[in-house]
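Here's a solo chain for you in structure tokens, the form predicted on its own.
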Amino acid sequence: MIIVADNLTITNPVISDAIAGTDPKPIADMVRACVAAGADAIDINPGPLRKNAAEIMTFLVETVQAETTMPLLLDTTSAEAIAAGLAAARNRVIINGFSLEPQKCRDMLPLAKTFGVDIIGYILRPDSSVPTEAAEFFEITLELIAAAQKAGVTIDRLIIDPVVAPLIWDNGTAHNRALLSFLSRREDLAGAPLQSIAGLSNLSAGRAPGEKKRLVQKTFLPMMAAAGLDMVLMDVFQADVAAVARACDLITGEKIFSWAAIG
């Protein structure tokens, strides 16, 4: 299971200020810290980028890849920013992402085709609401696959995000149960390997003590790993949760087990 750091985000005031001031040092410091914490990939999340989108994403991609050769996830709703980031990238890049919302299909999928990169598809209804029944997960995934193929993006380039729901939502636990069922059965749907990613931090959204948030993350993550999750987007600075992610990878993956790798 690949660990993707979600720490380089505009919701962090240090990163937000660095982006506003085009200051590479705080961003470079963050990347080095994520690498040291055990990240396998870096999610670059500058927000929607309504102004200077291309310039900002180019700056971010160039700054991050000066510090690491890890894969980069470009996480914004701005197609202009995604295109600029793809053009500037030397590292492997994943577009994060698109949904069945018509504009996102129209704007994002052609970029995945043009640049020959993977793209994440969110299991969301066209109005961006989340399903709660496993059957609807499969229905939406089939529509995502059809939209990708129509745009010339092959199924091996598609990474499905079943969208972990906050537990505090009225339908949060029902959605997440359906998510586990979907993950474990998704290859039956596609008839071929279908990559997957999930954002772990969504699970514990809301006000609660940090130790309780980490407990539910450490509980749900092994469930997703056992169901075949390929990539997890998470806060890599939560050392105990990151340790669980690495242990899950050792237990469920194909690597030779080593006690030295636990911890």
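Note that residue numbering follows the sequence shown and begins at 1. Think of the rigid core as the biggest set of C-alphas that the two forms share within 1.5 Å after superposition. Since the structure is predicted, the reported quantities are computational estimates derived from the model, not experimental observations.
Beyond what is shown, the protein has a form predicted in complex with another copy of the chain; the following relates to that form.
- In terms of contact with another copy of the chain in the predicted complex, the residue from I168, A88, A135, L142 that brings a heavy atom within 4.5 Å is I168.
- Using a 4.5 angstroms threshold between heavy atoms, T114 stays clear of another copy of the chain in the predicted complex.
- Contact annotation: F220 falls within 4.5 Å of another copy of the chain in the predicted complex, judged by heavy atom distances.
- Using a 4.5 Å cutoff between non-hydrogen atoms, I251 counts as a contact of another copy of the chain in the predicted complex.
- Residue contact check for V163: none of its heavy atoms lie within 4.5 Å of another copy of the chain in the predicted complex.
- The chain is drawn here without another copy of the chain; in the predicted complex, the stretch among 47-55, 34-42, 202-210, 60-68 whose residues come within 4.5 Å of it by any heavy atom is 202-210.
- Taking another copy of the chain as positioned in the predicted complex, the residues of 153-184 that bring a heavy atom within 4.5 Å of it are, in sequence order, L167, I168, T173, R177, L180.
- Superposition of the core reveals a Cα shift of less than 2 Å for K25 between this form and the one not shown.
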